[in-house]
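Have a look below at one chain only, the form predicted on its own, in structure tokens format.
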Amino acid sequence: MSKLNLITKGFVKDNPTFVLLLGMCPTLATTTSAINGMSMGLATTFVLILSNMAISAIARFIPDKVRIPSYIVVIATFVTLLQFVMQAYVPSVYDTLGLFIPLIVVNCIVLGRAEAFANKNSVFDSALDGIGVGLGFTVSLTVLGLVREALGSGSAFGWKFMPGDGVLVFVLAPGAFLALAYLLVLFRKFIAKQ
């Protein structure tokens, strides 16, 4: 597999949100705005890249009986580091995302990439895989957040482009399901044409 393909497959073929339908809890809960979606995606990407690299480096030393718990400890270490950095440098983003930052530890995207890719490949390839899947997740969360923010608030990345309010349902939980469903249909149609 080419190095470029390791990065690009996370955008289309292995897109966590629109193809694999993984990580739906943070996808639906944190995408009330484009900034929130992008922030959650970047936080997950940070953990994904570093945990993929670490797991790739130590995988051959971990016995099969404790493989998954060991991966969770590695992932939890990077999530804790991320929490400290976010609390110190971007406390407003940390406060907005709240509980969903610690839940990255059990996000099936991160653990799934560790199990399916990182433990069988080199550190460099695992980093590229983390970049590709993480950026695919980030883009999909940002797009979903942008759609919900535009329809629900009449703004994009906090910039108000429509006077008054939008359709309130799009910034509430039902709007997350509606927007995701329509984006899934559009993504699948786009893929079918390729």
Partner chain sequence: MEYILIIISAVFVNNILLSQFLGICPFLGVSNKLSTAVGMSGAVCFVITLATLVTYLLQRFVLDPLNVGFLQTIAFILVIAALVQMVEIVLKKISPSLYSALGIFLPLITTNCAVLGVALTVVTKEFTFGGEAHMLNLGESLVYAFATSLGFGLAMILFAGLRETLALNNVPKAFKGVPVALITASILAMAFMGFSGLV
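Computed from a prediction, not measured in an experiment: that's the story for all the values here. Positions refer to the first chain, counted from 1.
If you look for the form predicted together with its partner chain, you will not find it shown, but the lines that follow are about it.
*Asks:* If the cut-off is 4.5 angstroms on heavy atoms, which of these, 156, 131, 29, 59, is the one near its partner chain in the predicted bound form?
*Replies:* Contact with its partner chain in the predicted bound form is made by 29 alone.
*Asks:* Mind checking whether each of 100, 181 and 184 has a heavy atom within 4.5 Å of its partner chain in the predicted bound form?
*Replies:* Contact check passed for all of 100, 181 and 184.
*Asks:* With the partner left out here, check for me: in the predicted bound form, does some heavy atom of residue 111 sit within 4.5 Å of its partner chain?
*Replies:* Yes - in the predicted bound form, heavy atoms of residue 111 and its partner chain come within 4.5 Å of each other.
*Asks:* Might residue 80 be said to contact its partner chain in the predicted bound form, defining contact as any heavy atom within 4.5 Å?
*Replies:* Heavy-atom contact with its partner chain at 4.5 Å: present for residue 80.
*Asks:* Would residue 12 sit within 4.5 Å of its partner chain in the predicted bound form, counting heavy atoms only?
*Replies:* Residue-level check for residue 12: no, no contact with its partner chain.
*Asks:* Do residue 106 and its partner chain come within 4.5 Å of each other in the predicted bound form, heavy atoms counted?
*Replies:* Contact check for residue 106: yes, within 4.5 Å of its partner chain in the predicted bound form.
*Asks:* Counting only non-hydrogen atoms, choose the one of 39-47, 65-73, 123-131, 136-144 that falls within 4.5 Å of its partner chain in the predicted bound form.
*Replies:* In the other structure, the partner sits against 65-73.
*Asks:* Residue by residue through 12-41, tell me which have a non-hydrogen atom within 4.5 angstroms of its partner chain in the predicted bound form.
*Replies:* Those in contact are 21, 24, 25, 28, 29.
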